[in-house]
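Here's a solo chain for you in structure tokens, the form predicted on its own.
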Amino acid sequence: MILLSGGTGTPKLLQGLRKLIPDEEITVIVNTAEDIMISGNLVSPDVDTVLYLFSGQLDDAKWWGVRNDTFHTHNALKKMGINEKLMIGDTDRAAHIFRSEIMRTGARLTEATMQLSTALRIRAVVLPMCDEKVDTMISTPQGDMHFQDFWVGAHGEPDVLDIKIKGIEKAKLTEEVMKALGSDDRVIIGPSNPITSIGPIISIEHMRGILSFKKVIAISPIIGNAPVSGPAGKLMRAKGYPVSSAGVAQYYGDILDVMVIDERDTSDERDFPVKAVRFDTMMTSVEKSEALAGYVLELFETLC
């Protein structure tokens, strides 16, 4: 089973999915366009959330970072006048150092991620979407800013004029991602932000073409006219898409076979370019995540 993931919605689905199938049968291709250097080390927030989920360390109250982590280094740096853009926990920082030290020897991001997975005793396959540096840039009236500066630094408040994926034209599908895509025809696009979490993944050269030959089921992160969380609504409007589950389906286009929308969604199924089905997508517990994951697995059985 292959999943395309950002940092919150899809990991919630993974929490339930791994109750139904072994971790060894799960491959997650993760967005890296929100990666950022902090105090000399590469932070890969979406990748790390998935890694921490599979290693049992994830703080699932926040859906980022390590549960019960301490912040001694972050606070000490702050006292010395260094204000880091992200609040990094000590155990979390150790993973960033591990990754960065391996990459400083010349290893690719994929290789460093796989070594980190091994160190964390993870049995699933977690792959960054590419090895090249790619950055999601948010165009605002105040100028372009990195996604982390927009969402964490500015709390998502600036008006959004456009979203650009800097460096995407040079990004290539890795051998590891190609191997994964060649090994399974089933792909789940989780309920992550379609524009900035999934968008960079499917914008890599050849990815859309490959996915168009797969059985692809997406779960909408929007109910009615509002996202479940995050800035997806503002970002979709900036790209000219309706803030609705139908708008998400339009954005994904012909790579989709089925769109799962919430049972409370008031969208008209006739507005969708693909088949739309309804289920409870509000994963407020592990049990609800498991139920949604089970429903998606059953949907694959209906696809010829």
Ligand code: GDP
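Heads up: residue numbers just count along the shown sequence, starting at 1. Since the structure is predicted, the reported quantities are computational estimates derived from the model, not experimental observations.
Omitted from view is the form predicted together with guanosine-5'-diphosphate (GDP), to which the following refers.
Stretch 274 to 282 is the contacting one of 36 to 44, 274 to 282, 66 to 74, 52 to 60, since its residues have non-hydrogen atoms within 4.5 Å of guanosine-5'-diphosphate (GDP) in the predicted complex.
guanosine-5'-diphosphate (GDP) in the predicted complex comes within 4.5 Å of no heavy atom belonging to Thr136.
Although the partner is absent here, Ala180 lies well away from guanosine-5'-diphosphate (GDP) in the predicted complex, with no heavy atom inside 4.5 Å. The closest non-hydrogen atom of Pro200 lies beyond 4.5 Å of guanosine-5'-diphosphate (GDP) in the predicted complex. At a distance threshold of 4.5 angstroms between non-hydrogen atoms, Ala232 is in contact with guanosine-5'-diphosphate (GDP) in the predicted complex. Residue Val228 is the only one of Leu86, Met114, Val228, Ile165 with a heavy atom lying within 4.5 Å of guanosine-5'-diphosphate (GDP) in the predicted complex. Contacts with guanosine-5'-diphosphate (GDP) in the predicted complex, taken as any heavy atom within 4.5 Å, map within 1 to 17 to Gly6, Gly7, Thr8, Gly9, Thr10, Pro11, Lys12.
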